[in-house]
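Before any questions on how it binds or moves, here is one chain, the form predicted on its own, in structure tokens.
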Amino acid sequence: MRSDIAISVRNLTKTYRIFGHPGDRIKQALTFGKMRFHREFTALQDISFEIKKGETVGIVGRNGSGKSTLLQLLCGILKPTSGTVQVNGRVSALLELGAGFNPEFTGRENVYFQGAVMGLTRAEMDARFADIAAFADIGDFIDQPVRIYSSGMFVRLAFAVAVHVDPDILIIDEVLAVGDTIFQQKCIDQISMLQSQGTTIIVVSHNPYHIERLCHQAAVLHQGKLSDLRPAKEILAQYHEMVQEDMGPSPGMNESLREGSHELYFEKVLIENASAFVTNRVLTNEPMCIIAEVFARCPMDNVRFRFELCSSSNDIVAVVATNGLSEAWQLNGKHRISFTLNPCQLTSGWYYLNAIASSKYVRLDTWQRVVDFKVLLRDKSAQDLSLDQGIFVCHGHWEFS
């Protein structure tokens, strides 16, 4: 393995034996393997990749896709069925909650135990303990058995230990999903510091924001097969499309996502962009039009319409509403309303729309995730991809004097 490579994986496969009944293990052992009482499940199939030193790589995938198995193989917890895993450096890992901690030990005892596992002396851990305790910020609970810890306290201490043992490689499996907002920010700040120090990091998360913000490259793990490593935003778009295919029909066709009296209701909502030539596809920095067809069962006025633009991580990016405009409209029967955003300043990726209609204090129709739409770059080859970050394209002008 080259000196600039932190992790090298070649043709990695992991297969488990699934027994239908506990007694089947004994039967198979007694027949010396001549009779088969199990079926095989391949969690990972022929995976190969390399991660250079100092890189941060994200891995996304649905539950059961093999992410945890892959991380355990990288850490040496599991042995591969075939293929090789080569790791160059000290690995510190945060896997499933509780992994590596003795529940009967106190927090302090577990800190020193983990340090010993990582090859650090008692004196080296003494020098680090104050920083670990300050980062975990669990007060006197540091001297209580970890079995009485909440999940938040547990992950605070586990993360504090993992990042203060000078790892060459840090592996994080969904740990940021457990902590509160303040703790998540502390973790992200600490990860950024480790990145500046040249630590190689692997992040597994279902949160697209964390993957895009932290990772140089990413890959999708699906049914035991890993895609090529590519820019994080490109991988997140691929993952979203894969999830949409697995979900089947567009969420907007699901009537169970609707609430309200339906005296007035949405018949259809779509996104149009003249330059994209395809419905529900939008080119960034081009006009984007939200079109809704509504039907009022009886004459009514004082109706307000509201559309929420949401990111694939379910954050509301922007809201457009007819407040102060539509209250005077006289509605009866079928009508068409539209709103043009000129230009669309969303960066590339997947988004969706919620549609809400209300009258005074009455909810007429709330249609969650009525339509998914994709924002595309006009010309990838000409676009500075470093500007295609976050969710908003800033327009302005520079001055130099």
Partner chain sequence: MTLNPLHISADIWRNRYLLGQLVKRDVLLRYRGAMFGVMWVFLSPLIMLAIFAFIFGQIFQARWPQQESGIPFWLLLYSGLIAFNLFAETISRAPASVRGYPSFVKKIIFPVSILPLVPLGAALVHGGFNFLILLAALAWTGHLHAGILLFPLLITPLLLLALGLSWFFAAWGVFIKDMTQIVPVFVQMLMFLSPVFYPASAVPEALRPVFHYNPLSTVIESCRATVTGQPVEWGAWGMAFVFCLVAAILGYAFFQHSRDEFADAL
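Quantities reported herein were computed from a predicted structural model and do not represent experimental measurements. Numbering follows the first chain given and starts at 1. Only the largest set of C-alpha atoms that superpose within 1.5 Å between the two forms is called the rigid core.
In what follows, reference is made to the form predicted in complex with the partner chain, a form of this protein that is not presented.
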| property | result |
| --- | --- |
| Candidate stretches 116-124, 231-239, 217-225, 295-303 - the one whose heavy atoms come within 4.5 Å of the partner chain in the model of the complex | 116-124 |
| Output flag, R17, I77 and V91 jointly within 4.5 Å of the partner chain in the model of the complex, heavy atom basis | yes |
| is_contact(E109, the partner chain) in the model of the complex, heavy atom dist at most 4.5 Å | yes |
| Touches the partner chain in the model of the complex: I26 (any heavy atom, 4.5 Å) | yes |
| Any non-hydrogen atom of S311 within 4.5 angstroms of the partner chain in the model of the complex | no |
| 4.5 angstroms heavy atom contact with the partner chain in the model of the complex for L95 | yes |
| Candidate from F129, F105, Y209, Y265 lying within 4.5 Å of the partner chain in the model of the complex - any heavy atom | F105 |
| Heavy atom within 4.5 Å of the partner chain in the model of the complex - the one residue of T284, N273, Q72, S205 that qualifies | Q72 |
| Cα displacement of F129 between this form and the one not shown reaching 2 Å, rigid core superposed | no |
